[in-house]
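One chain comes next, on its own, written out as structure tokens in the form predicted alone.
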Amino acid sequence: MYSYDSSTFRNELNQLGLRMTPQRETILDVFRELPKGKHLSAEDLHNHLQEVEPDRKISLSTIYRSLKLMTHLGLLRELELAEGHKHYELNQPHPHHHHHLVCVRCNRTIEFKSDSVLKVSMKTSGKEGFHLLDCQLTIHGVCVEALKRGWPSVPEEWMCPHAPTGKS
């Protein structure tokens, strides 16, 4: 797996006949500065950029294209968590590699490490002649709080105390 900086990203873009635009560099910088465990959707990224740099307009369509390109190059990990839309995070090299446990009721997401998942992925990729860019395991389950409330018959208005940003 790769660890990207601006010059590495610029070189890969040049090899594809593309250039490093200020928008791509800004998006890369946002992901490099995210706190550990933080994931952004395209909309979250767009809102963040509008707050942080209101004079510098980056359209949502540019963000979607950039996220797709950065995921294709292995720079970002595309995550399908419980909210029904994709989130992204920087694809960290081996020592920082992690997976996700997601509650399907409240969307609480817990990151965890598993050397065995990584080892199987590396072994399988190498055996088949692939260079591993990413491997991710997402386990969907139900948190203890939802089980205590009688899942799957939890009232729609119930709010899990551990739900991210107050979502149920």
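Keep in mind that what you see is a predicted model, and the values were worked out from it rather than measured. Start at 1 and count along the sequence shown; that's the residue number.
Not pictured, yet referred to below: the form predicted together with the DNA.
> Using a 4.5 Å cut on heavy atoms, which of 111, 43, 51, 115 is close to the DNA in the predicted bound form?
When the DNA is considered in the predicted bound form, the option within 4.5 Å is 43.
> Partner absent here, but in the predicted bound form, which of 102-110, 127-135, 31-39, 61-69 has residues with a heavy atom within 4.5 Å of the DNA?
Only one stretch qualifies here: 61-69.
> Is there a heavy atom of residue 144 no more than 4.5 Å from a heavy atom of the DNA in the predicted bound form?
Looking in the predicted bound form, residue contacts with the DNA do not include residue 144, since no heavy atom lies within 4.5 Å.
> Answer for residue 57 alone: is it within 4.5 Å of the DNA in the predicted bound form, judged on heavy atom distances?
Within the cut-off, so yes.
> In the predicted bound form, does residue 98 have a heavy atom within 4.5 Å of the DNA?
It does not: once the DNA is placed as it appears in the predicted bound form, residue 98 has no heavy atom within 4.5 Å of it.
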